[in-house]
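The data below hold one chain only, encoded as structure tokens and taken in the form predicted on its own.
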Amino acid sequence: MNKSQKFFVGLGDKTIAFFTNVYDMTYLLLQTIKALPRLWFYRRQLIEQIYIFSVKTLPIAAIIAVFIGLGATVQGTYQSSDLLSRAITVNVIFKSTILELCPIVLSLVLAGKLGASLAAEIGSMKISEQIEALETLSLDPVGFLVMPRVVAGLLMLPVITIFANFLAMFSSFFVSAVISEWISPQEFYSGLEMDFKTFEMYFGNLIKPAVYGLMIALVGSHFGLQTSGGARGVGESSTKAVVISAILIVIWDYYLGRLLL
């Protein structure tokens, strides 16, 4: 087999693997939805995952949010012009932070933290045959492992994003109106009110983070369940979960904006 043949064979294998993963993740999502009526039965696992997706992510979310607000303010004030009022610059900082920067940057970081953790945890259970043990106990592995994680990601990532957006705008206000006195508090507030649309708050604080949280939990669980080959397989599953989650997040970021804004 020459090089060109190897290239096309490899390309075909990767294409087949891609669509196979898409099918498997879609099927896993349907199984998760099917397991939702038994949510109360798996409430202990759900509470545990809510704690992981919320309390354990607060410190890193806070650090990211504060510096997103500071960075957006520095860039916004640097690129501002004397031809425009400073309230307009604040409005641009506000909308870019709420609609884009905080949701996607926070989700990408949490995809690395939570996605890898989910894949490694479930992958370790897979290679140690704990998932087969669940089946012998008449417990649904999807309901026990996947569904609580997906629900927790769907519910808690918007909560974390709201917290992060608040911190980001507070840090922006603090550095621009208190530390540097680049703008007065009244003008800063008027910039926040300018062309305010309620849907933008829902879009940046609820819709996008909920989709990203669903993706992180679903992809991490999928690759965890697909783990094989011992400890090396666990590492590969964790890496795939992070990479695929990040790719899906940036793809959905475009399509959500295109469809809803």
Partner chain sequence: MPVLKGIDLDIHDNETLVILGPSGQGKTVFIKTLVRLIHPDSGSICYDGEELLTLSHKQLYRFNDRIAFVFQNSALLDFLSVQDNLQLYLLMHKAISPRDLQRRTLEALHFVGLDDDVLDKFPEELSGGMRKRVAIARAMVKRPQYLFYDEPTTGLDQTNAEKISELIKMLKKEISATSIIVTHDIKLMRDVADRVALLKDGLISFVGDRDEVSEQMLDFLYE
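On a predicted model such as this, the values are computed, not experimentally measured, just so you know. Numbering follows the first chain given and starts at 1.
One more form of this protein, predicted together with the partner chain, exists but is not displayed; see below.
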- Which among 82-90, 168-176, 134-142, 153-161 is in contact with the partner chain in the predicted complex, heavy atoms within 4.5 angstroms? 134-142
- Heavy atom within 4.5 Å of the partner chain in the predicted complex: which of Gln75, Ser128, Ser180, Gln186 fits that? Just give me the one. Ser128
- Query: Taking the partner chain in the predicted complex as the reference, which of Arg44, Lys197, Arg232, Lys56 has a non-hydrogen atom within 4.5 Å?
  - Reply: Arg44
